[in-house]
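Two forms of the same protein chain are encoded below as structure tokens; each is given separately, as structure 1 and structure 2.
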Structure 1
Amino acid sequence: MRAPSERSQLALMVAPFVVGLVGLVLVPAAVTVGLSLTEYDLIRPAHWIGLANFTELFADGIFRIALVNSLVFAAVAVPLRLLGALALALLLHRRALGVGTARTAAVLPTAVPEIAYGLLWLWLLNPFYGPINLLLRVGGENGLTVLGRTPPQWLTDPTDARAAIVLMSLFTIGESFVVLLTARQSLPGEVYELAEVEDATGWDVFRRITLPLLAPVLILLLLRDTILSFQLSFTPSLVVTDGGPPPYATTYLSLFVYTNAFEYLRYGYAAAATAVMLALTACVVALQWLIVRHYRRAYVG
């Protein structure tokens, strides 16, 4: 029997990925774009209306608010999540007593179901008996913080509610933490031994050795989290704040799509909003490709 060629073996290895890409990404994307050009409510047949959904979408004040909220969330939460994962990876990469427990604690929130995670934070953020505000009131008088200020009103103040959604996202960094921990442990120890011989400070070691070596991984995680940020805000905004407080302080693109599709049964309109999200995602992917290609040309050759 003739042995399969190298090209055939490669094709067999790539086939599951290609099937998954086509079935789970390309086909749903094509269906979404098709629905975005129709008026469809699951009751009557879809009616072709062309770009009318997009015209209405960009004139919709709620959509503009949701778009700005999503972009602001990505701009604030994504860097903070990456910094948190990097700090944990650098802090916990050495073997020591209790490090295994700390690593498990860092990953555990990511493994909790999103609904349960949201309900837990709904209790934590309660302005009256929630543990967070009770802790902030320690040392204060008349229900104020030790600084003499009113504790954050996580569920009723627009700014505090947006901060609460960002805060919730900072504890689900388990995947990024594991990737950065693995990357840090794979760095050559000889470089650090040489830096120790030359009496380099901790900051110099981080700035001149650790950060440049981890830069490719950090860039990929940054862009990956930027793409996922459109999904990260959905469950918290639905379960904890329900898109409020008014006026739509925590309504993000994902919640906007869900509301129009499953509450108003405007599937064509929701598909148009999803198509915009897909376009934004495509822009981020293109940026990722440009950065990675530039890095390879500059440093790998």
Structure 2
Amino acid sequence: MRAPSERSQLALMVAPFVVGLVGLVLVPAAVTVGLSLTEYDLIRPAHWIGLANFTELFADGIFRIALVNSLVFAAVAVPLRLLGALALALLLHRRALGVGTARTAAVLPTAVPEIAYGLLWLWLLNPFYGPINLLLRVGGENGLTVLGRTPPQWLTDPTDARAAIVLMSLFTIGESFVVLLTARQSLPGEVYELAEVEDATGWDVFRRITLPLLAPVLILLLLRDTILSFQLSFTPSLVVTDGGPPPYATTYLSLFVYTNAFEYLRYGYAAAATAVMLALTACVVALQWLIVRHYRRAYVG
């Protein structure tokens, strides 16, 4: 029997991915877009209503709040997550005592199931009995911090609650950390030796060597994290803040979609919101890509 050709082997290897992509991503996405043009409640048959869901959606105050919340979350959380992963990767790429334990600790939160992670934070953020606020009150009097200020009201103040959701997302950076750690370890040592000979400062090495060499990986992670950010906020806002405090401070698009689809049985309407979310993700990623391409042309030629 003749061995399969290289192309056949490639086709075989890519087939599961293609099937998954078609069956689990493209077909559901197409169905979602189709359902967004119908009134569908999961029980009665869907019926065509054209763009009515979209018209209602853009007049819906809660949807607008969810949209802004999602964009703000992406704008704040994505850069911070990337910076955190990069800092940890640069800190922990060398061999040193305890570095293995530190790397494990950096990855561990990503391995915790999302609901369990959310419930853990529900305890951490408890305004009176949670360790975070207990720690912030150390040295203070009458329930205030040492600076005489009220500790953050994580679950009742809109700004603090949004900050809490971002804070929760900053510890699940294990995947980005592993990718950046591997990328940093694969950078050629000669470049750094040369920089040392030239008496380059640490900042220069980072700015002129590490950052440019890691840029392709960073760009990839930026795009991935941006796409992910529209889903990242779902479990925390469902489990920890329940979309509140009022009025809808931590209601993100994903929670808006879930509530409308599965609690209010407005599946067609939720599908329209999902379609907007998909379009928005595509726009943000395209914008990032254009900016990256512009800078690449400007600096790399």
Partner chain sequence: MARTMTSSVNVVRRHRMLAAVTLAALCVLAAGCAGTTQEGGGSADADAVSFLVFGDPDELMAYRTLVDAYEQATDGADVALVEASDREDLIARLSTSIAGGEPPDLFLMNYRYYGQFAAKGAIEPMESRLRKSSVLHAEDFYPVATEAFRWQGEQLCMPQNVSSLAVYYNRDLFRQYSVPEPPDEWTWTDLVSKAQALTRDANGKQVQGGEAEGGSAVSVYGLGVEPTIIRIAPLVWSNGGEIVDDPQHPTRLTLDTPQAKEVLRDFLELRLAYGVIPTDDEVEAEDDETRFANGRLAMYLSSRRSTTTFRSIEDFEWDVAPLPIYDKPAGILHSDAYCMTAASQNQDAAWAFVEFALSAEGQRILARTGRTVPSNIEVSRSQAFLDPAQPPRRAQVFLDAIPTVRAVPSISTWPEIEDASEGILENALYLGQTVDEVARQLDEATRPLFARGESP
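Here, rigid core means the biggest group of C-alpha atoms that superpose within 1.5 Å across both forms. Predicted, not measured: the structure shown is a model, and the values here were computed from it. One-based numbering along structure 1's sequence throughout.
Have a look at both and say which one is the form predicted on its own. That would be structure 1, which is the form predicted on its own.
Keeping the rigid core fixed, what distance in angstrom separates the two C-alpha positions of residue 13 between the two structures? Core-aligned C-alpha shift comes out at 3.1 Å.
By how many angstrom is the CA atom of residue 285 displaced between the two structures after fitting on the core? Superposing on the rigid core gives a C-alpha shift of 4.2 Å for residue 285.
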